[in-house]
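Let's start with one chain on its own, the form predicted alone, as structure tokens.
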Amino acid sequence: MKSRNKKLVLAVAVMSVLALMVLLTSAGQGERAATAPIRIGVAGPHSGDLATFGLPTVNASRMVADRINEAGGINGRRIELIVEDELCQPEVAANTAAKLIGDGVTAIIGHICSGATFAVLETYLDSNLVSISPSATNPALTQSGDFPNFFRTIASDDAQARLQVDFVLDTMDARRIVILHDRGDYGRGLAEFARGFVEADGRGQVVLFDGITPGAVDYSAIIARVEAARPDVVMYGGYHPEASRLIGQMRGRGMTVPFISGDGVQDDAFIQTAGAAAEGVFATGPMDTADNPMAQDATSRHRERFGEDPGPFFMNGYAAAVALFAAIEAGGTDYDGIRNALRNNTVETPLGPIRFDERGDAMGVGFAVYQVQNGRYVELR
């Protein structure tokens, strides 16, 4: 009887020690979780032809994160950025998404191009991760309703195309219109919206609608078709590498027809590559924020830190980082908390005060028309 009592006492003691160990382990894990860095993915093209679109958002995210970390982090937790290069290529972006998920990120700032963004959003949704883009403009990203985890700090291509068509018809008084595109999600989508708006208006006629081959060196065949169509204006949906070759070869043939494109071309890299042929080209892009005090401060600190002016989508990237980090502070690090905070709170950004509608679009942002004048883009309206 005494032997059995001793065994019982020993068993109770062992169980008590094990329970205490579990409690201490749980407490330690909870403490580590409460102080562990909040990992945020930053995904986009950080090398190659389109790096000028992706790197400004990396800089913006670092600047915002550093300022928050210097002030003690978010609820005592530092922000750790996980930066991944996906070249704006959908197949690379899919691998990047898997890596970011494996790295345990809480949310993603990016992606940059619409095609790459489409390639990853379902994967992020399956993992309950929010993605906030500064530049993915394809309307279906929000309007389809398929991606409740997606937000953006830029207006969509239907708004951009509407502005372009209004400018072409009202300001340029163009009637014969050629529309070209690069066959991608962004470029073709922008071109198709433009064609729809021209046809619905009735004053203009689309005399040629065609796609080009991205990366091609010689566009003489399509340029010959453009010339034969006798257009008043050429509209182009796509990115600056192809646009610079198109306009260069058009001007080389003596064609002086006006050329207008979108935010994929409203970039100093286009001017540098196209050279003198860029002069006079029109492009739509995010509205100038030079009068916004927060934008002025961000620009000044960028110049001090990186030795140059910010690049394309920097302010949109800065706004994305500010909005995301504010949402985490307000709603915690879980998926529903971040989404609800983004939709229900207004935050001050370099773009002005923004909040997101039920679709994930930022309210209060828009586009302007720019023209290359004396080697630089100047806002017209």
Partner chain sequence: MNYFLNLVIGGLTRGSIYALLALGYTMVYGIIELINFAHGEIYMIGAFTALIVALALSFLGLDGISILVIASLIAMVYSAAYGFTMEKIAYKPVRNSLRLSALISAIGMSLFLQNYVRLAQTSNFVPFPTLIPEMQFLQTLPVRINSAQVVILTTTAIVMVALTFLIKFTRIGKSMRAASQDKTMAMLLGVNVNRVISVTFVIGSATAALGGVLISSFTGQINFYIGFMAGIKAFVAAVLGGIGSIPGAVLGSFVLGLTESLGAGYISSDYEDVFAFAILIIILILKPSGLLGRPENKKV
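Fair warning: this is a prediction, and the values are worked out from it, not measured in the lab. Residue numbers count along the first chain shown, from 1.
Only in words, not in the display: the form predicted together with the partner chain, which the text now covers.
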message: Check R253 for me: does it contact the partner chain in the predicted bound form (non-hydrogen atoms, 4.5 angstroms)?
response: yes
query: Is R225 close to the partner chain in the predicted bound form, meaning a heavy atom pair under 4.5 Å apart or at it?
result: yes
query: Should G196 be counted as a contact of the partner chain in the predicted bound form, where contact means heavy atoms within 4.5 Å?
result: no
task: Spell out, yes or no, whether the shortest heavy atom distance between G215 and the partner chain in the predicted bound form is within 4.5 Å.
output: yes
field: Interface stretch in the predicted bound form with the partner chain - options 133 to 141, 206 to 214, 280 to 288, 158 to 166, non-hydrogen atom within 4.5 Å
entry: 206 to 214
field: The single option of N95, S220, Q296, N75 touching the partner chain in the predicted bound form, heavy atom within 4.5 Å
entry: S220
message: Only one of Q272, T171, N292, N128 gets a heavy atom within 4.5 Å of the partner chain in the predicted bound form. Which one?
response: Q272
task: Answer yes or no: in the predicted bound form, does the partner chain come within 4.5 Å of a heavy atom in every one of L87, R188 and Q249?
output: yes
- prompt: Who in 176 to 208 is close to the partner chain in the predicted bound form, meaning a heavy atom within 4.5 Å?
  reply: H181, R183, R188
